[in-house]
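Have a look below at one chain only, the form predicted alone, in structure tokens format.
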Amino acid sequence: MERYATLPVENGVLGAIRQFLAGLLEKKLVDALLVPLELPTGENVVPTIVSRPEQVQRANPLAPVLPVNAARLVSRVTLVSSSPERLGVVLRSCELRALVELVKLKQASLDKLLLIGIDCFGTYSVNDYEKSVKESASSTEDFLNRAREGKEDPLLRKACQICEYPVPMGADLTIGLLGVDLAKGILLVAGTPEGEKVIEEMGLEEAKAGERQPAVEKLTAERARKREEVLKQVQEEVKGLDKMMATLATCINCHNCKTACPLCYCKECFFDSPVFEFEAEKYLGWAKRKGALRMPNDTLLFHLTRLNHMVVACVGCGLCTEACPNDVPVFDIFRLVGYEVQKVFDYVPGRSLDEELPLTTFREEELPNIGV
């Protein structure tokens, strides 16, 4: 059962969130926070672990930009050993869902973590966000106003335009922005006993959900419709081997997409191993046998192998495409295949820690029609 409270907004929405986060540190409800902090220039934000309340004054979890999926950072902090102190992590929905998948894969630990989710209206690319900051003295506020008014934002990344999970799943606390009159306050949603404890310790006033659920359903429906349109188009663009190869033609095997992906977790990737190091005569031999050899080689194999490896757990954050130097639409392909595969298994990545990964679990009654 969720519990609701109100964060007062005397100093504006961002000011209220900063005050709340600082309060967590001041009251020792957490010992540190992983939260996006504005750079001194103000042109971007970077996830940062802060331990002093005054440092939170540069925090901006509302900034519409996702330079890295922070699930990777939580994994880095907790992979070798779980956190010895209470660590609060502020995450968007795709980050929180990716973290849940990493926990299932034993690549992260939730011990002593306070999961703070935030309703997500979407994000820009890093470059587009930097431009928006330069063009407006209140870029984040302008973005929030457009989102709340339902205005179309051409700068939104495609991944965000079709993300049907704007509300965090499984968070201890959610900073609620949907269906809320932000001039009167921010809705704080406690989803666990840990979240309820924070509300009590902070002495926050109880509240009601109000119009939150209808607003969430409306935005989810809009994004689901957009998803169907986009994926239908993508399916036509990559249908068949020739179209798939043409789509991936400019891949240079840099593996940036793998590095950016929060679910590619192998310590040593097969494609970075000596298995793909060959003598010159091999390349020339293949070229003679085929008549031509595309270089760099094995780019299609790389993407198909990675697709098979992690698509069932893909949370659709889209950072694979953002990391590509040649704008290869990696996200489009992975989102299309991921959506279909996850539908087959009735699996939503990050929905619950109790749901086992389909490809690591055998159920005798599963997929009865295959092979018939």
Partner chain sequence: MAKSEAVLVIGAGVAGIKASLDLAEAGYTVYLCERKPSIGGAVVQMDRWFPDNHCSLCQMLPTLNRDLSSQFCLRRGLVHPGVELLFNTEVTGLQGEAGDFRAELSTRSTGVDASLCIGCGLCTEACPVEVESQFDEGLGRKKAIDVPNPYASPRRYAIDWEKCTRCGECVGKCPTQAIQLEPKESTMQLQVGAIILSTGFEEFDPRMATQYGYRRYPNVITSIELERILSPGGPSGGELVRSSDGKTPASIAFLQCIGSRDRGRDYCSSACCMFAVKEAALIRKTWPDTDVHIFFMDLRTFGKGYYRYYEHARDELGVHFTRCRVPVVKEDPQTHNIMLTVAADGGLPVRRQFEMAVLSVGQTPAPEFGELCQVLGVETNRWGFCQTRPFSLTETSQDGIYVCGSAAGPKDITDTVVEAGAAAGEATRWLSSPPARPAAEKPAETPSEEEAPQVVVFLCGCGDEIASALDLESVAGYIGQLPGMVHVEQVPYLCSDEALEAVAKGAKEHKGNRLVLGGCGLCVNKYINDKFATEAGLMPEKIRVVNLREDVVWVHRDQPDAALAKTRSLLNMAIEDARQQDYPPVSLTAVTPGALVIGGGIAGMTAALSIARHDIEVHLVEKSPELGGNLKDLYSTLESGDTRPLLKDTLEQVSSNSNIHLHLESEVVATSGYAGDFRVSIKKKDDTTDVLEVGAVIVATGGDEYRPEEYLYGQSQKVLTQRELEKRLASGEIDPSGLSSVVMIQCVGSREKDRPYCSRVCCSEAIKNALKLKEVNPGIEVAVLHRDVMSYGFKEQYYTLAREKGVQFIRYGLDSKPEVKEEGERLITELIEPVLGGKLVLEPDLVVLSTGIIPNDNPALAGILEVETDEDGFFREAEEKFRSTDFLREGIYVCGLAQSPRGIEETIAQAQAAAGRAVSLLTSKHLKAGRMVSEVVQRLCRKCEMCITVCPYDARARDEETNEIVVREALCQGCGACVVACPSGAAKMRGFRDKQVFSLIDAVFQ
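Just so it is clear, the structure is predicted and the values come from calculations on it, not from any experiment. Residue numbers count along the first chain shown, from 1.
There is also a form predicted in complex with its partner chain; it is not shown, and the following applies to it.
When contacts are defined as a non-hydrogen atom within 4.5 Å, all of W286, H309 and L357 contact its partner chain in the predicted bound form. Partner contacts here mean any heavy atom within 4.5 Å of its partner chain in the predicted bound form, and among 168-176, 269-277, 140-148, 153-161 they occur only in 269-277. Only one of S132, S75, N256, S93 lies close to its partner chain in the predicted bound form, with a heavy atom inside 4.5 Å, and it is S75. A heavy atom within 4.5 Å of its partner chain in the predicted bound form is found for exactly one of V216, L79, L182, A209: L79. Proximity of R225 to its partner chain in the predicted bound form: non-hydrogen atoms within 4.5 Å are absent; the residue sits far from the partner. Contact annotation for K232: none of its heavy atoms lies within 4.5 Å of its partner chain in the predicted bound form. The closest heavy atom approach of Y265 to its partner chain in the predicted bound form falls within 4.5 Å. Looking at L105, you'd find a heavy atom of it within 4.5 angstroms of its partner chain in the predicted bound form.
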